Ligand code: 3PG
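For reference, the chain that follows is the form predicted alone, supplied as structure tokens.
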Amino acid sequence: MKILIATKKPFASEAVEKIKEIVQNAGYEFALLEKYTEQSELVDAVKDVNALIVRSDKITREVIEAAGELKIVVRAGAGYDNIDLTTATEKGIVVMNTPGQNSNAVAELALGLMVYAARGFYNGKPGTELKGKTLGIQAYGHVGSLVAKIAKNGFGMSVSAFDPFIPAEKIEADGVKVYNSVEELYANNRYISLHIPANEQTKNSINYDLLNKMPRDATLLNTARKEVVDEDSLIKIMEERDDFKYVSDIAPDNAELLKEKFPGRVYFTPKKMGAQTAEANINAGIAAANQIVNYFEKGDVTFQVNK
């Protein structure tokens, strides 16, 4: 078996060494493609591999069709919208992610961005504190639940959540209020933190009607995916409400326009930074390697996302 790490944005060297050790100890061949600049390099590299570890790399139909021996792809991270699941499924290829490995890094960034917004982006003028403020969590998964825990226990915020896929009792056990609709969540929280995936149901779902339900001095925080926020709605709400702020770990397509029109009310990290810690980088890479070995050795498909 040949296992390839293919990453435009490389893992930390420590992560690569640990992945290599896991792969070779299992008796498999290890291969590495880093910092490639053309998609054709990836297409060439996958032709004889049986397993693939990627980060945000685009695993398109072209890549999958070139990989005639490919059995499994693992995305080192939670999101997997960079992988063509339809084609992978057609070809009988298992696709997995590594949920939870980056969660703490993303949660800490979310709270850091929240503080940054509350303090007026450190503009030298008086800001506000987070203590006692209301925070709504949209999607109470690995990251959302950690954001809630830190905000509630560390900052003294009043936290609520909406997630139709998580039992209310589980959320309430964390001391978090549950709302039964996303409209209620937005209407009752000054801060909203997004942790939803980008899919057909969620793309552009954060629209004007939802945003306009938020109380005065509202801040929308996005460490999920840019596609979930409707950009036209975002412009409209910010034109109509000079109290509204938007901070995101993913710059929207109209980022330059937003920064020009609403200075001091928007902020976007230079590139997606949520999982960019040494710890998350190493943890996700190791998890990906172990999942591949467990798949080949035991048929373990615990984290398969294209069932």
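Residue positions are given as counts along the sequence shown, with the first one as 1. In this text, all values refer to a predicted model and were calculated from it rather than measured experimentally.
What follows is about the form predicted in complex with the ligand, which we do not show.
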So in the predicted bound form, does residue 9 come within 4.5 Å of the ligand, heavy atom to heavy atom? yes
Does residue 275 reach the ligand in the predicted bound form, with heavy atoms at most 4.5 Å apart? yes
Residue-level contact is defined here as any heavy atom of the residue lying within 4.5 Å of the ligand in the predicted bound form; does residue 225 satisfy this criterion? yes
Is residue 56 close to the ligand in the predicted bound form, meaning a heavy atom pair under 4.5 Å apart or at it? yes
Please pick, from 83, 78, 113, 161, the one residue with any non-hydrogen atom lying within 4.5 angstroms of the ligand in the predicted bound form. 78
The unique member of 219, 138, 102, 189 whose heavy atoms fall within 4.5 Å of the ligand in the predicted bound form: 102
Which of 146 to 154, 68 to 76, 205 to 213, 119 to 127 lies within 4.5 Å of the ligand in the predicted bound form, heavy atoms considered? The stretch 68 to 76
